[in-house]
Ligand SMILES: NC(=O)c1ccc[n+]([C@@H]2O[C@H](COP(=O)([O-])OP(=O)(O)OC[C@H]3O[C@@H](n4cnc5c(N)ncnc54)[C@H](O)[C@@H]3O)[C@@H](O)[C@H]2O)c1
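The data below hold one chain only, encoded as structure tokens and taken in the form predicted alone.
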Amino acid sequence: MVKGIDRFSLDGKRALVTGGANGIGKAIAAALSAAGARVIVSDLDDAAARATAAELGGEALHLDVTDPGGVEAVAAETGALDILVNNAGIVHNGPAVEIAMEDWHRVLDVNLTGIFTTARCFGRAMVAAGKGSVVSISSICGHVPVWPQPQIAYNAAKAGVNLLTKSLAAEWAACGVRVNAIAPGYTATDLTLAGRSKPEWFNVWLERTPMGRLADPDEIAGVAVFLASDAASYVTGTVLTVDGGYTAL
């Protein structure tokens, strides 16, 4: 055995993935499970959550990250976790001068406030236990305004996730809880399906990505396993970009 290879193992760990029924969340849930974790798949889509959980031999639960009271109750019922993956997210495309305020609030409620709420509620038990890893899904949109689609609320939310991650990491480091984020580039999921159907958008995405392709969700999931594992025991407060070189240009 290569020395230290077992540091990537998640045997005996208990993990919860929000928005875990589909897309990047499902890929992460599957990767955590394959690494040995007992996975709880949470989602608004109960049927999809149950199906994914059944595939992985895990649990499914209903969780609305925009409902603080509901998240608090679920966290109390669920108990201490070793790993929390904040993946639930939505997108809204539209010019800044035209976006309805309800759409602005809806995107921030899910993508930023939802991550804070979930991290805080489940993080309490981690802080009390003196251990745990929180991994939030940000985006390259938190670093740069992507083009050509207008999505100001999504971009602002993801930028907030990046600083939220660093703030929690600094606050919880002494408690033994690590907090990191992943900033994926364009990934082949349902969230990018509308954009992929528009050549005037999709072709620009590919042109601006040096690797010339979208990520597969599994390529994001492997990074989540690393950040959740003891292999990343000295990694906290980082936003790890996985974008095929998009932000290198």
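Keep in mind it's a predicted model, so treat the numbers as computed, not measured. One rule holds for the numbers: they count along the sequence shown, beginning at 1.
Keep in mind that the form predicted together with this ligand is not shown, yet the notes after this line are about it.
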Taking the shortest heavy atom distance, is D45 within 4.5 Å of this ligand in the predicted bound form? yes
Using the partner position in the predicted bound form, report whether A153 sits within 4.5 Å of this ligand, counting heavy atoms only. no
Answer with yes or no whether L191 is in contact with this ligand in the predicted bound form, where contact means some heavy atom within 4.5 Å. yes
Can you work out whether L16 and this ligand are in contact in the predicted bound form, taking contact to mean some heavy atom pair no more than 4.5 Å apart? no
The chain here is shown without this ligand. Which stretch in 85 to 93, 167 to 175, 126 to 134, 72 to 80 comes within 4.5 angstroms of it in the predicted bound form, by heavy atom distance? 85 to 93
Can you name the residues of 168 to 184 that have a heavy atom within 4.5 Å of this ligand in the predicted bound form? P184
